[in-house]
Ligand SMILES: C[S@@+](CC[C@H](N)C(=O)[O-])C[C@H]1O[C@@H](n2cnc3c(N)ncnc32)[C@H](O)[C@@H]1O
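The data below hold one chain only, encoded as structure tokens and taken in the form predicted on its own.
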Amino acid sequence: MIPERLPGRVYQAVPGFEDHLSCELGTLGHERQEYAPFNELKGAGLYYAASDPSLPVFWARNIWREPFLLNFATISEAAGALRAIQRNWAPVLCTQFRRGALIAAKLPPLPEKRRPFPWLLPKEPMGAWTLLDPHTLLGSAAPDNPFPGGVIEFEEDREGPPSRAYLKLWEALVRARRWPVPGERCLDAGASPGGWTWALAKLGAEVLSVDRAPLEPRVEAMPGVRYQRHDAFTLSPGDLGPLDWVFCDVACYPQRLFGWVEKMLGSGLCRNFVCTIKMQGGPPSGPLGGGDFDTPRRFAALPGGQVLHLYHNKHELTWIRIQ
């Protein structure tokens, strides 16, 4: 059984941000991009772009590259065809749930437990698939997101950190396949109340936490943590010295963050970055949208970096650059 290769890509929307994805797809190639939702999968938030985009797309939980259609007669036939391509497959089931569950039961099981941190992400690809109708499967062996269905849940610490913001930092570091180690020097810009500082100190890193608001006292007292009351964006790289990692979760306009990142990169004193791009305003409202699509693309164009919408992000994106 040979799958039928589709041109273009399939985009799995972030629940609640389907309008953002729709506007991004509408702006691709200056509105020359043809795209449409799969009518049978409106609840799944899957969109199909008929040709490869000329600009990157960020408001997607997963991007299915090299998608294919597979027509099959039986459950076993569908599962066998997927296993013949590769081992790991994650279903996105919003229609045809019972039949899809029977196919999934014949594939290697996926881990169901929450993940501890740190956890080294396996290099084996995680395919994605769903059913368009009882005998037609849509899939991709090469999606962008390595987590099943784009979802990652961690074993949470409900006592140590002062907020749940550390979860998106954990996710970013797992996606980067690297994290700070003992002896490495980190800047946590916009650190208050200290969720990211807590996570970094738990790894044994040295953390300079900078914010105009205070850290939670028990976080400030952790070994390796030094707190400075200041606006991090007004500190020059020379004031900070060489940094192995720069982390930023400051609530600011994306353009201001970009200017600060350019300054830090230009100093040559900073190696690795994880920064949250806080998107301003409400949902986009027109073909070009009311949101800022330009600044995330400027971040993505910086050498060695990537922009993602993480599972633990909300109305924000994350820029990661690892040397």
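Everything quoted here is computed from the prediction, not taken from an experiment. Each residue number is its position in the shown sequence, starting from 1.
Absent from the display: the form predicted together with the named molecule. The rest refers to it.
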Distance check, Asn71 to the named molecule in the model of the complex, heavy atom within 4.5 Å: no
Are any of the heavy atoms in Trp196 no more than 4.5 Å from a heavy atom of the named molecule in the model of the complex? yes
Does the named molecule get within 4.5 angstroms of any non-hydrogen atom of Glu171 in the model of the complex? no
Does the 4.5 Å heavy atom contact test between Arg87 and the named molecule in the model of the complex come out positive? no
Pick from Gln96, Asn145, Ser192, Ser140: which has a non-hydrogen atom within 4.5 Å of the named molecule in the model of the complex? Ser192
The named molecule: the contacting residue among Ala232, Cys186, Leu240, Ala104 in the model of the complex [heavy atom, 4.5 Å]: Ala232
Which of 72-80, 224-232, 115-123, 174-182 lines the interface with the named molecule in the model of the complex (heavy atom within 4.5 Å): 224-232
Quick one: which residues from 238-269 get a non-hydrogen atom within 4.5 Å of the named molecule in the model of the complex? Asp249, Val250, Ala251, Arg256
